[in-house]
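Presented below, as structure tokens, is a lone chain in the form predicted alone.
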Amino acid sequence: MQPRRQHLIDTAHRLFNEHGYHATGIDWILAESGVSKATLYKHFRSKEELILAVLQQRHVYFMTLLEEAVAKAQKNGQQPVLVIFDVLDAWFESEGFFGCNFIKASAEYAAAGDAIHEFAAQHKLDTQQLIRRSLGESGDDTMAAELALLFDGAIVVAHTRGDHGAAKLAKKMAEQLLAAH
């Protein structure tokens, strides 16, 4: 990837993450990045295209993080689906936690059929499918949906209430859910 393009994506991600998509204008991204408007539009035809690039990068990062945690848990004989809540816990405790880029994007670009909304929805579906795969033979689509709801609920509670213990509570609830099935 070209360095300036990556720099724009990284700058935009930081600003979108902290301040939201609509509140972060192109001029702010340009000022923070030190990149000219011509350079920005050389790489991205619109702000929406830049948002999609940020979300794509975040999607790859987050899915890789979850997949690696699940694989490590499988190798170590742990319950793979439960480690996703440990990943959340570490994220909630990090300096860079400002809520979920995808939940924010789907709220700010709420129109059905909007490319940003659709990408955010697909990310959430991909996360649920990863949860389903991490259940192995012991789970089903309903259980995966229930655990995905706990996963996203923990993110919302951590962000809206500042309750960084939400992942630990969600993990405890997930353990109970798994034991009941």
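Residues carry their position along the shown sequence, with the first being 1. These numbers were taken from a predicted model, which means no experiment stands behind them.
Heads up, the form predicted together with another copy of the chain isn't pictured, but that's what we're talking about next.
- Although the partner is absent from this view, Ile51 stays clear of another copy of the chain in the predicted bound form, with no non-hydrogen atom inside 4.5 angstroms.
- Among heavy atoms of Glu18, some come within 4.5 Å of another copy of the chain in the predicted bound form.
- Residue contact with another copy of the chain in the predicted bound form: Ala170 places a heavy atom within 4.5 Å of it.
- In the predicted bound form, Lys47 stays away from another copy of the chain, with no heavy atom inside 4.5 Å.
- Judged by heavy atoms within 4.5 Å of another copy of the chain in the predicted bound form, the contact stretch among the candidates 52 to 60, 66 to 74, 38 to 46, 150 to 158 is 150 to 158.
- Across the proposed site, His13, Val81 and His164 without exception lack any heavy atom within 4.5 Å of another copy of the chain in the predicted bound form.
- Of the residues in 84 to 106, those that come within 4.5 Å of another copy of the chain in the predicted bound form through at least one heavy atom are, in sequence order, Ile103, Lys104, Ser106.
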